[in-house]
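Two forms, one chain: they're shown below as C-alpha cells, one block per form, named structure 1 and structure 2.
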Structure 1
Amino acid sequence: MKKDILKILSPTAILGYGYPIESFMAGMAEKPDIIAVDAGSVDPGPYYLGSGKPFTDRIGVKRDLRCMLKEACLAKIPVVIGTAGGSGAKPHVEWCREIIMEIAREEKIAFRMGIVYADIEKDFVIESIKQGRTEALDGLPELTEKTVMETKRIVAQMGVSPIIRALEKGCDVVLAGRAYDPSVFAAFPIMLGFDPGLAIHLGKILECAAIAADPGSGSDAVLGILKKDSFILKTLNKKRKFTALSTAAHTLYEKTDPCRLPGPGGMIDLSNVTFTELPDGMVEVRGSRFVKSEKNMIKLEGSRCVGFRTVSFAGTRDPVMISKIESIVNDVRKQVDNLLKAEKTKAELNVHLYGKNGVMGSWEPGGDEFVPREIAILIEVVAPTQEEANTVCSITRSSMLHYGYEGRISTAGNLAFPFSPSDLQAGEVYEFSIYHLVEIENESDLFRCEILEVNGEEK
C-alpha cells in the first residue's frame, strides 16, 4: 500500500442538490485525495429510468459540478461521479457529459475523462435467464423473457471494478452510469489496497454527504478519512457533528437489515462495528467487513412503459356528498366502466380521496369511518394512448361533476375545480419491471468504458 491515509471529499448527497461553498472549500483545505459524488437514486420512481430523463435540475447539476471540477483540476485529484443523470442509463450519462464539456470550455480546463456505461443489452439478460443465472429478490416474481422484451431500458448497478479500470487508465474524471452508491467512493481506495469492508461502509455513509451527521443534511459537504483499520468521519460545517448515535442510526436508513448490506459481488457485515466519538465532532468506525459471495451477482434495474396518464383534480365541500363519497365513487366507476365496455376502451381508473385516505388507502387505521370537512378528489387514468386516457378522464370527471346521488341538495355541480383546463395530461407512465440479480463472470466486461481527452482551451 502506497498510502496509509486516504481522504475522500463528498460535497452533496445527490449531485444538483447543492452544498455551501464554505464547507466545500474547508474540505479542499484538508487536501483530499479524491472528490466523489452520487448523482442518482431509484427513489423518484420508474419514470426517469424508463423515459431517459434526469430528475435533477440542469442548472443545479452544472453549479455543483463546476466548483468540483475546477478545484479538482487545480489540486490534481480525481473526481468520480456515479449514477449520472439520476438513473445512470445512456441518455442520463450523455446529459451529464454535455454539462461537463460545457464547464470545461467555460473554465478552460483539461482532463482525461473515463465514461463508464451501465446499460445492459436485452440479449445478455435473456441469455442469462436461459442459463438460470438470474435471481428474483425475496418473494418477487422471477424474471421472464417477456418482461425483458417489454422493458424500455435496463441498467446494472456497477461495483468498484469498472470504476477502478477507468482510474487505472489515468482518468482524472470518471463519469459512471448506474452504480451501487458506495462504489463511487470505495473504488479509488480499494484500487490503492485499502480494506474493502471499511471502504464500502465509508462509501455508504459518504454517499449521503452530511445526512449521517447531527443535524443531518443532504446538501452539505463532509470528509471521510480512511486508514488501515478504521475510518473517521468529519463534518466541514461547524453547525454539524458526527456522533456515535447519528452514525450508527444512518446504517438503518433505507436498508432492510442494518448489519448486512448486500451489494455487487458480496455484502458488508456490520455486526461487529464500533463507533467511537473523537473530539471536534468526529467519529471513528471500526470492524466493517466485506464478505465476498460465492456467486458474483449484480443487480439489474429496468422500467417499462404501461401507458399514458391524464389526471383531474377537484375538491368537494358538500357534507352530504362527503358522507357517502365511497358509494358515489363506486357508482361513477360503474357508469364509466359501462361506457368503456361499449367503446372497447381499456383503462385503469384510480380515484384518490385526499383528506380521507389518499396517502395510505387500505392501510389507514381508521378505515372509511373518518369524516373530513372537505376532500380533494384526484382522478387518475392510465390508458394505452394519451387520447384514450384523456377520454376516460373526461368521462369520469363530468360524471362525477353531475352525478345525482341520493339526498343531493346541491344540484349545480359536485366538484370545485381549481384549474381551467381541469384535466392535465401527464404523459408516459412507467413501472419497475426488472429489479433482479444476475450472475456475471467479469464485471469490467459488462460495463463499457470510453476514454475522452477533454481540453477546454481548444476550440
Structure 2
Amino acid sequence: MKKDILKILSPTAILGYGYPIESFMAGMAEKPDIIAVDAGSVDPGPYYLGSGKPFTDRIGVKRDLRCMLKEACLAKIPVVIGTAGGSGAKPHVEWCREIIMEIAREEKIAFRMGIVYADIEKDFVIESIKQGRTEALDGLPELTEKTVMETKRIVAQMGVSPIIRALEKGCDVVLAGRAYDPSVFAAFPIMLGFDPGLAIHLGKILECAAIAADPGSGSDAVLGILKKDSFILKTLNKKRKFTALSTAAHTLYEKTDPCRLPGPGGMIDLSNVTFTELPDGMVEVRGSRFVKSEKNMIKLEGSRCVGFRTVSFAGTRDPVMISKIESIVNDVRKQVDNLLKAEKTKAELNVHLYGKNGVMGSWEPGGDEFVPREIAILIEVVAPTQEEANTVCSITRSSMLHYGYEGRISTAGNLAFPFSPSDLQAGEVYEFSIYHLVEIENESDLFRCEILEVNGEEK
C-alpha cells in the first residue's frame, strides 16, 4: 500500500531508558504507522557482548515494552526493536523475548513476532578471511583466524533487508539482534517505497529519540514524519523543540565525515542537506541521498576475554601527599612490580587520579601546575585469574595506604576508603577483538528469522 506520509514514533533512545507516558500517548494521538526503538549500542563497551549480559535494567525494559506493545496492538501497527538486550547476540535477544512473552501473558495480547538473529558462526568468518572478503576499519589490524577463535561472540550489524523480510511475513512485532541503528526505523518506510536516503537519515536522528531536540533527552518520545522528498521532526513534550542547529548537530553525532554516513550496503550523502525550522518547534529536512556501495559490506563485532579485574577506590585530602602524588604512585608501582617479578605473576596495574588527571591523563591542561584540594584514587588491576587480580590489588592498596613519603605527619593510613570491603572484584574483562567489515552476497541469507504466533496464553 503506497502512502504519501508515514509517521514513526520513537519512544526512547534505548529501550529501558524510560519515557514520559504523556509524551508517548501524545505520539499515539498522532496516529503513527509504526513504533520503533533501538535497544542497544557498543558505547558501554565490549563486556556485555562477551558476557552475554544486558546493560539495561529488566524492570525498565519491561516497563517500556508493556506500554509500546499494548498500544501498538490496539492501534494495529507494528513494533520494531533493534539490537535487543543491548548487544544483540542470541543471549540478549532471548532475554528480551522472555520479557515480551511475559507481557503478552499478563496483558492477554496476541501478535505475530519475528525474531531476527544476528549471530555469526566462526566458520563463516574464517572462510571470509581465506577468501579475502574481510576488511579492517581504520587503525585496526587485519583479521586473523587466531583472533576469530579467541572471540567469545560475534554478531553482524544488519541493515534493513532482514527486518523487511520479517515485516513482509506479516509480523506485528520484530525483535532483531544487532542492527545498524537507523535500520530499525528505516526498514518499514523503505519496504513501502519511501526514499532510502531520507528514511535512513530520519532513522539516524530517531534512534536517539529526543537527544536531537533542545533541550535534549534520551528519555523522551519524538515523532518522525516522512514524506516523498523530506521529513519532519516533531517533539511530543512542550518542554522541548527541534531547531535547525540541534538537528544539524545531531546529524554530525558519532561521525568522522560531516557529509557521508556509511552503513550496510551504502552511505547517505549529506552534502546537500538543508534544515528548515517550522512553527511549533518542528524542523524539516531535505536533500539526504542514498548512494549504493560497489561492495555489499556489513560490520562484524566480536568480543574476547582478556583477564579478570579487581578495583579499589579511596580518597586523600592530605596536601603533602597530593603535592607528591605522582612520585608516590611511581614508587608504589615499582614496589609492586618487583614483587610480581619475584612471584612470576603477570598483571596490568593502573592508578587513576580523579580530581587531578583521572580523565585526560597526560593530556590534562596545566598538568603538574594544578594542585587539587582532594583526590580520588582508583586502583585497577587486570590479571589472568581473579585470584591474581585480587592479590595484586591488595598489595598495591596496602602499599599506598602505608607508604612513608617525605613530610608525612600522620603515622596511620594515607587513604580514606568509602567501602568495606575496600577491594571489589569486577570479574571478567573483555575487549573488542573483531570490529571489521565483511563482504556478503545477500544480507537476508546471513540473518536467521524465526516466526512465532504469540497468543497471550502461552507459558
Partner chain sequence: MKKITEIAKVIRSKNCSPFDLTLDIILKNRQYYEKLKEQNAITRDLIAGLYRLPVEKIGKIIWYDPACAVKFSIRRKISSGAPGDTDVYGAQQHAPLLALEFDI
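Residue numbering: structure 1 sequence, from 1. Being a predicted model, the structure only gives us computed values, none of them experimental. Only the largest set of C-alpha atoms that superpose within 1.5 Å between the two forms is called the rigid core.
Structure 1, not structure 2, is the form predicted in complex with its partner chain. Residue 318 shows a C-alpha shift of 2 Å or greater between structure 1 and structure 2 [criterion: core-superposed Cα displacement of 2 Å]. For residue 417, a C-alpha deviation of 2 angstroms or more is recorded between structure 1 and structure 2 after rigid-core alignment.
For residue 190, the Cα coordinates differ by under 2 angstroms between structure 1 and structure 2 after the core has been superposed.
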